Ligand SMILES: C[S@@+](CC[C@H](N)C(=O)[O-])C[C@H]1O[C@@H](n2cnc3c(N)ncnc32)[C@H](O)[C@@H]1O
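Shown here is one chain on its own, the form predicted on its own, set out as structure tokens.
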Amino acid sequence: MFGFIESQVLFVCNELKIFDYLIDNEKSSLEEISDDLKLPKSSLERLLISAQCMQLLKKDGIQYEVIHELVPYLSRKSRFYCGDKFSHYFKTSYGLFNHLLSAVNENKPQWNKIVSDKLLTCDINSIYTDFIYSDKQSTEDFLSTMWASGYTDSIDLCTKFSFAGYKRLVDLGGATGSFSIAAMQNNPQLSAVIMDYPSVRPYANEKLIEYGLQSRGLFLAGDIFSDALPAGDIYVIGYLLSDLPEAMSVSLIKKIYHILPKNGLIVILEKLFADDKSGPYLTAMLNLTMLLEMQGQHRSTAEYIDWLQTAGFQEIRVIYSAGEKHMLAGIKNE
């Protein structure tokens, strides 16, 4: 019943950098935290007590500290830090979930409930352009969450699957290129084109420069559904099909099949349901999120395989990462 409170306690402690402060100082009193972070003592105390009861923090006398086992996941200095996944869920998804009842009754996204001055159409593009990428802060929050949710799993998948023999990867709806960058890092012969909305360009280019891959990777602004796709021998649909209704998903897969050269490869990256849709937990929670935010849903491995085989792809492989996102790869043999 109080899960909605726990999520906000976690998000707000991260946003206020309380975890980082306590980790850096090992232990601190309420007064010290209040003074150094410039937060009112009374309201801060309520937040800290809740975090303590959630076992995010513990108290030794008058001093608070982060639970030792959680330090790697709550410190921004750690490579295991998970707080960079919070932005979109904290600032956007959480507000949408106030309208879950309406979403179930109406069976459609609920953006118009939180952004009343905009008219939501049924066009999937308008969900991105009018809401997710509507301003700089919203764009940064979404892209930050997507990168944090995708890059580590992409690295894992690209060590488990070889792209040897392939030359050019086209990353459709690739955002800031978490998969493209991971693939290029692990395959020196590979170049990549990231295709997404124009507003994503500066953030994708920034990532390519950060990883020293600007000479092998480029960003192309365009509509992956209506525009001609750039040439490539690998096409990646990364965490996008779960945003889309079935007809659009199947149409995009067929579009890729027709333009791929012989022995070309399609790669689908998604969270995957068990065949009986009993879980896993994270897929189930984000499947419900898709109801409020997008027009798609998460699907089972068998459903994706069926789509690929119907389009003509063969030799379909499923590669599981150690994380939450997995990969299907199929070859055009004709």
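Residue indices: 1-based, along the sequence shown. What you see is a predicted model, and the numbers here were worked out from it, not measured in a lab.
Not pictured, yet referred to below: the form predicted together with this ligand.
Using a 4.5 Å cut-off to this ligand in the predicted complex, each of 174, 197 and 222 places a heavy atom inside that distance. Although the partner is absent from this view, residue 238 contacts this ligand in the predicted complex, with a non-hydrogen atom inside 4.5 angstroms. Contact check for residue 146: a heavy atom falls within 4.5 Å of this ligand in the predicted complex. Shown alone here, residue 156 lies farther than 4.5 Å from this ligand in the predicted complex, counting heavy atoms only. Not displayed here, this ligand is approached by residue 125 to within 4.5 Å at the level of heavy atoms in the predicted complex.
Contact with this ligand in the predicted complex, defined as any heavy atom within 4.5 Å, is confined among 158 to 166, 189 to 197, 71 to 79, 206 to 214 to 189 to 197. Screening 141, 243, 233, 130 for any heavy atom within 4.5 Å of this ligand in the predicted complex leaves a single hit, 243. Shown here without this ligand, the chain has only 325 in 296 to 334 lying with a heavy atom within 4.5 Å of that partner in the predicted complex.
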